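A single chain, nothing else alongside it, follows as C-alpha cells in the form predicted alone.
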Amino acid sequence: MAIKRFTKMEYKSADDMVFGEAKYPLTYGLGQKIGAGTVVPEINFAPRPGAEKNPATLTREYVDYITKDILDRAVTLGFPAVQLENEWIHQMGNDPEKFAKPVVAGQKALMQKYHDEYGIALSIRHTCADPRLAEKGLRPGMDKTHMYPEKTIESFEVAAENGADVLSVETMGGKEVSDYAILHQDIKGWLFGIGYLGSMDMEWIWPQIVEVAKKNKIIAGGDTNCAGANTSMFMAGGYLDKDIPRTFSAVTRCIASARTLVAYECGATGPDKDCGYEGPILKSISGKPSAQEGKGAQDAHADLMGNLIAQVCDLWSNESVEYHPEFGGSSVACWLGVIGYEAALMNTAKQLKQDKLLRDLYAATDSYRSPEGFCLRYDNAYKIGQAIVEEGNDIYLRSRAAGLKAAELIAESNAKGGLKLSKHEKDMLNKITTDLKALPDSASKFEEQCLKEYKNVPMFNPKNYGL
C-alpha cells in the first residue's frame, strides 16, 4: 500500500477548525456520525482485576455489566449518541480468539439491541493491544517466545470480524529509545526514537490495519504516541513536579505529532485516539475527525490543559476508568455523564452559533498554564502543522521542524510575557534549540549518527525497524 505524505494543510487557516466539525466527517456503526456537526462522547473503561480469570467472567464483565450500564445511563440521560472504546487488556491480545472474540461480539449485539429499541446512535472503537517487546523483536518471525507481532495483527482481524466499528492502537515502536531520551533529557534521542524509528514502525503496522479494516468494511481510526509523548508529559507533571522540564515535554509532543500522522498517510481515516494530545496538530494537517480527553479524564490522570484540549475535538473522552461502584451508579455510568454533558454544552454552542466563542474560551483558559498546552492551542497547533508539511516527504526533517517550531513559539511567548518560564525551563529550551539546529540536514547522516550514538541503549535493536 502506497504511503501518501501530507505536503499541504487541509485547512486554509487555524480559525476554520472548531469542535464537532471535520473537513472529512465519518459515518459508521449504528447511525453514528463523527465530525459532521456535533461532538459525541466516547466512554472508555477497564474491567476489575480478577475479571480476566477466564473468557466467561471477562465477557460478563464487559457485556453484562460495563456495556449495559453505559447504554442504560445514555438512554436515561437522553444522550442522542455515544461511542464506546474498549482498550484491550493483555489477555485479549495474547489470545484473541479465546478472550477477545466473545467480548467483541457480545458488546456489539447488546449495542444493536439498544439502537433498535431506543434509536440511539452507537459505535465502538476497539483499541487492540500492542504487547510487542523490543528485546524480543517487533516484526514477525523475531519473537520466538510470545509471538507478539503475529498476535498483534491477529487482534485486529478478530476485532474487525466480530463487531468493531473503529480499529485503533497505541503502538510501541521507538519506546525503548524514547524512554532513554526522557531520562537523559536528550532531544536528539527523542527525535531518533519517536520521530524516526516510531514513524518507521508505523509505516510497517498501519498498512496492515488499514487492509484489515477495508476487508471488513469498517473504519481504521488512528494511533497515539501515548507510549512516548504521554510518558514525557506525565514525567513533566504539574507545578509540584521537577523530574523533567515542561519545555522538554512540549517539544517532544510536537515531534511526536509527525510520527502519529503516519497512520493517516497509510490510509487511516480517523477518528484518532483520545490519549493522543497531539490531535489538534493532526486535525490541522489532515482535516480528519479528532478524539480528545482533558478535564473529563481526571479519573485516569491530571493534565495542564483540561479545557484547552476540547477546542477542536469531535469525540470527547474520559480516557479510561476501572469498573466499580460510585454513589451515583457505576463508574462508567458516572463518567459518561461527565463527558456527555460537556459534549451537550459544545453542541448547544454550535446550535446557538457560539461554537467559536466557546472554542476560544476553552483555549484561553489553559493557554499559559504550560508550554505543552500553549503549543497545542489551535492557532499554534496549526503553525506546527505548517512546519511539518513543509518537510512532509521526509520523516526526519519534518519531525525536526516540528520541534524547532515548538521551541520558537515557546520562546517568543516567554519574551512577550505570555508563558512564564523558570531559568531551568529556559535553559532546557535553549539547549533543545541548539541541539536541533546542530543536527544534519540529511536523514541518512542523522541515521548513521544515531545508530552509533544509541547502539548501547538497552533493548534497542535496529533490526526491529528494518535497519
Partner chain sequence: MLDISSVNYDAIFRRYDILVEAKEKPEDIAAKILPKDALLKKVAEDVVFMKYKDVEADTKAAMEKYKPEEVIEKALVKGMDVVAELYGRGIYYLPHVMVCADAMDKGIKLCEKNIKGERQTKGKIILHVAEGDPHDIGKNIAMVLLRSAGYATIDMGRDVPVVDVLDLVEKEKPDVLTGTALMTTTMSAFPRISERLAEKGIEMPFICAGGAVNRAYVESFPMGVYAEKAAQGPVLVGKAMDGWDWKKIRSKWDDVVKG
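Positions refer to the first chain, counted from 1. Bear in mind that the values here come from a model prediction, so they are computed numbers and not experimental data.
Omitted here: the form predicted in complex with its partner chain. The next part is about that form.
- Note on the interface: of 282 to 290, 190 to 198, 359 to 367, 161 to 169, the segment with non-hydrogen atoms within 4.5 angstroms of its partner chain in the predicted complex is 359 to 367.
- Shown alone here, Lys416 lies farther than 4.5 Å from its partner chain in the predicted complex, counting heavy atoms only.
- With a 4.5 Å cutoff on heavy atoms, Thr38 counts as touching its partner chain in the predicted complex.
- Proximity of Leu451 to its partner chain in the predicted complex falls outside the 4.5 Å heavy atom cutoff.
- Interface residue remark: Phe79 is counted as part of the site for its partner chain in the predicted complex, having a heavy atom within 4.5 Å.
- Contact here is defined as any heavy atom lying within 4.5 Å of its partner chain in the predicted complex, and by that definition each of Glu52, Gln91 and Ile244 is a contact residue.
- Ala74 is the sole member of Val212, Val389, Val104, Ala74 with a non-hydrogen atom within 4.5 Å of its partner chain in the predicted complex.
- Residue-level contacts in the predicted complex: of Leu110, Ile120, Ile153, Met142, one residue has a heavy atom within 4.5 Å of its partner chain, and it is Ile120.
- Residues Lys420, Leu421, Ser422, Lys423, His424, Glu425 of 416 to 434 are found to place at least one heavy atom within 4.5 Å of its partner chain in the predicted complex.
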